[in-house]
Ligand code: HEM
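We begin with a single chain expressed as structure tokens, specifically the form predicted alone.
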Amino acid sequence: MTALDPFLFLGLPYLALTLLVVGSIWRFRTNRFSYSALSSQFLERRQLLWGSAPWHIGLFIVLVGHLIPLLAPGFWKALVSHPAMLLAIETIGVAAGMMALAGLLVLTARRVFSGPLQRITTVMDLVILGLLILQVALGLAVALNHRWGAQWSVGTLVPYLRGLFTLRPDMELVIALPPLVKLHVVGAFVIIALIPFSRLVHAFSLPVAYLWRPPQKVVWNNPRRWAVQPRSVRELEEGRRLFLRGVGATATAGLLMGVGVADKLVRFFSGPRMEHEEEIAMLRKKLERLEQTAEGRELELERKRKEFIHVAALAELNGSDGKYFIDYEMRPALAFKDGDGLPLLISAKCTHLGCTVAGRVDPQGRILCPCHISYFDIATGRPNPGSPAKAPLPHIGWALLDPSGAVIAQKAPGGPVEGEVTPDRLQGAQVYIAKRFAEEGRA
């Protein structure tokens, strides 16, 4: 974690949301006639269709794909648990992102190269277009470099974003993610903060009043249009009444259909009514989760109080099967014995997306992260070339204590062994992790 992370993932989101609400209200109250996209279709319309349509269609699909897991994470998790559905969702998302990017590039070229549009284009217009292009490009880079985001985001980004709205955000869910993902999250909040000061504010201005405003008569100052007879006001009003009737009939039919299938939908998503034994089993699972949470808090409290945390007896360790333990950062770690018969402690939290690395060492001296297939050399911590993980697993400092509690030897991460490690002194030695090594690592 860097010093900037608390601002980027705790301060910036709330700053952006505050600017969005306060800035939008302020702009509407002080300059409501600018509360629109300031349409430029009359100035140039040939490229508008080829830019606006792909941009809006692609953006709509991408936003739906982002909102569904945020609003219904359980439903989304069940949906992406099927490999075929996950592949379809990822493919549709990438295609929609490419469509949105292509539309943005056309709209940007239209702004830059069209003479009439250049005269009404502001610096903020170009800034917003640049940020949107960067944001869509980052989203595509995340989708292509960190595959199956629709699945792993349910356990990372979705809880973080939901925590923002419940005022209990967990920054740890984000800071361990790859840099591309973090840039994509920060870019979204920057764009949200700039909405009230740009053309994007038109997303909040829906032309609902058009349904009942008086008809307007458009007179074309063009000889080719003179031959067209204008429709009377009565015909326009009749057409509007028919339109409203059609909308009302469609809405009524949709409401009746919704009432007819609501019970089946509720039963489908809520599941069948539980029997007594099933309720007992569910309560037992909840109790187990509470006990696991309490156990985790006890471990965290122990690590705050004690200078040394016991890992295992040195005699219990070997070089092929690691022993799991929890380090001072409450992260999983593995303990091995190296070729000299001394402890070798290494983090078991994958540097790609935070999965727990397996404890079995293969013949090449590597341990495997099963989530996205990254191999790590236990001696150096480095991942194999071409793996999704790019950063090495950090080693952890250790201390050897004799049965009386005296320190026999110790080793900081990357440092030499301090102390006498003769076979007779190692007899009965216990392996510990030390708080001072963890604090030095944080510093």
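All residue numbers are counted from 1 along the displayed sequence. None of these values were measured; they are calculated from a predicted model.
Only in words, not in the display: the form predicted in complex with protoporphyrin IX containing FE, which the text now covers.
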### Query
Just one of 317, 333, 344, 143 has a heavy atom within 4.5 Å of protoporphyrin IX containing FE in the model of the complex. Which one?
143
### Query
Of these, 379, 62, 409, 68, which has a heavy atom no more than 4.5 Å from protoporphyrin IX containing FE in the model of the complex?
62
### Per-stretch contact check against protoporphyrin IX containing FE in the model of the complex, the hit in 304-312, 155-163, 334-342, 286-294 (non-hydrogen atom, 4.5 angstroms)
155-163
### Message
When the contact criterion is heavy atoms within 4.5 Å, does residue 110 count as touching protoporphyrin IX containing FE in the model of the complex?
### Response
no
### Query
For residue 322, is any heavy atom within 4.5 Å of protoporphyrin IX containing FE in the model of the complex, or not?
no
### Task
Check whether residue 201 has any heavy atom within 4.5 Å of a heavy atom of protoporphyrin IX containing FE in the model of the complex, and answer yes or no.
no
### Task
Could you confirm whether residue 170 comes within 4.5 Å of protoporphyrin IX containing FE in the model of the complex, counting heavy atoms only?
no
### Message
Need the contact residues for 84-101: heavy atom within 4.5 Å of protoporphyrin IX containing FE in the model of the complex, sequence order, or none if there are none.
### Response
90, 93, 94, 97
